[in-house]
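Coming up is one lone chain in structure tokens, specifically the form predicted on its own.
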Amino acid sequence: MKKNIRTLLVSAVSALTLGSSLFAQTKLLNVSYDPTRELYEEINQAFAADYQAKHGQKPELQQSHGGSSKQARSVIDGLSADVVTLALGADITAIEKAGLIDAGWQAELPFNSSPYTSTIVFLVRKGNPKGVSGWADLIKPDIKVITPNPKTSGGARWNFLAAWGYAAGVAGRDLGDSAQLEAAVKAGKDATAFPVETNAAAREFVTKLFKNVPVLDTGARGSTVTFAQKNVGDVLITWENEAYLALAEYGKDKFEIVNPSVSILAEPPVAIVDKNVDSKGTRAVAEAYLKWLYTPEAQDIIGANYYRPRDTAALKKHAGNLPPIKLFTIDEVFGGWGRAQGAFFSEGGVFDQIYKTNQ
């Protein structure tokens, strides 16, 4: 009898342990950058339903959001992310260098593990009272510009490089002539054709721009709140999707979007945090989650949330909200994220020098 009771107890404990293990295997933490809250809330609901229909288990999906570089640092310091969906490749590379992500992660999924693209635009107050039409207007002395801190925010780094690339492309000529940059890109000029980080015209332009920045929030969403809710500034430099969300949340009667004639192509990447999924037993569901981002259903959700889908049908469906903008890439102008990160955003880099000058 005692033996039977012990057997039953062992069986019950084993069942509980197995149930707990199965639950843990389908519980994911997605550590993402600031503006993607709404996107992944919708993605997670749809993925969970799809996964349950196929596998009989409903995964529990959790989200964490903040400035991209700050989020990367949190993962390195112990935040147990299963997947990271960050604003720029350099942040995922930092996690890789910390030994948490295996080398070659960008080759694991299509389009260098970037399921969508985006770009940088301007949000202004209704009626555009300061007459902002392009980058050149942002250095006028009566303009207050809102942008996050490039030391903590991936979006801010895209903002910074979009402005720098614009000014470097015109090489000190008429700062309103963005055709100069387009011509340079079409001619195949890259970071070695004109040394971007030492370009005097770009440095002067971006220095003037940051003189017009009254506050640096840690992330893109914080800057949106500063501009739209706290009513600070004349123009917000921001992600395209964030600008549209501001219109939806705060009212089209209060703000409008200005598309610059030229901007940067942003390709936010995603990756599995290998060390964490292997220790937690979540690799299968993590892989399914990231692969699902490329499905037609997910790509339609991406387009509906004002990101630019990779899927051509989804992109065509949402083209009305995603107008064509002349875009240059970080590889063409800056020689890739590895070079840009070191030159502009490392300790004592170009941004630190500019910010110190403006103090």
Partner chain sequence: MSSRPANILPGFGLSFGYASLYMSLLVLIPLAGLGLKTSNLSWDQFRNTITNPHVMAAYKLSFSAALAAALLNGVFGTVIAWTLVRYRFPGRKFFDAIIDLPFAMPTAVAGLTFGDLYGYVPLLARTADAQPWTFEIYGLYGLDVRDWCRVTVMLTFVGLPYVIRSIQPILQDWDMETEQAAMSLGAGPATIMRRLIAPEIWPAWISGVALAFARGVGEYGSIIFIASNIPGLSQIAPQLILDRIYDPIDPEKKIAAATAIAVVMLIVSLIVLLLLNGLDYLSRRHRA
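If you're wondering where the values come from, they're calculated on a predicted model, not measured in any experiment. Numbering follows the first chain given and starts at 1.
Just so it is clear, the following notes concern the form predicted in complex with its partner chain, a form of the same protein that is not shown.
A.B. asks: Would you confirm whether the three residues 126, 133 and 242 all fall within 4.5 Å of its partner chain in the predicted complex, going by non-hydrogen atoms?
C.D. replies: Result no, not one residue of the spot touches its partner chain.
A.B. asks: Heavy atoms within 4.5 Å of its partner chain in the predicted complex: which stretch in 280-288, 248-256, 215-223, 160-168 meets that?
C.D. replies: Of the options given, it is 215-223.
A.B. asks: Classify residue 152 as contacting or not contacting its partner chain in the predicted complex by the rule of any non-hydrogen atom within 4.5 angstroms, answering yes or no.
C.D. replies: Yes, residue 152 sits close enough to its partner chain in the predicted complex that at least one of its heavy atoms falls within 4.5 Å.
A.B. asks: Within 4.5 Å, heavy atoms only: does residue 109 come near its partner chain in the predicted complex?
C.D. replies: Taking the distances in the predicted complex, the answer for residue 109 is no, it never comes within 4.5 Å of its partner chain.
A.B. asks: Please determine whether residue 70 contacts its partner chain in the predicted complex, using a 4.5 Å cut-off between heavy atoms.
C.D. replies: Yes, residue 70 lies within 4.5 Å of its partner chain in the predicted complex.
A.B. asks: Would you classify residue 232 as touching its partner chain in the predicted complex, given a 4.5 Å non-hydrogen atom cut-off?
C.D. replies: Within the cut-off, so yes.
A.B. asks: Note which of 201, 94, 265, 79 lies within 4.5 Å of its partner chain in the predicted complex, where distance is taken over heavy atoms; exactly one does.
C.D. replies: Exactly one residue meets the criterion: 94.
A.B. asks: Heavy atom within 4.5 Å of its partner chain in the predicted complex: which of 120, 270, 90, 196?
C.D. replies: Of the listed residues, the single hit is 90.
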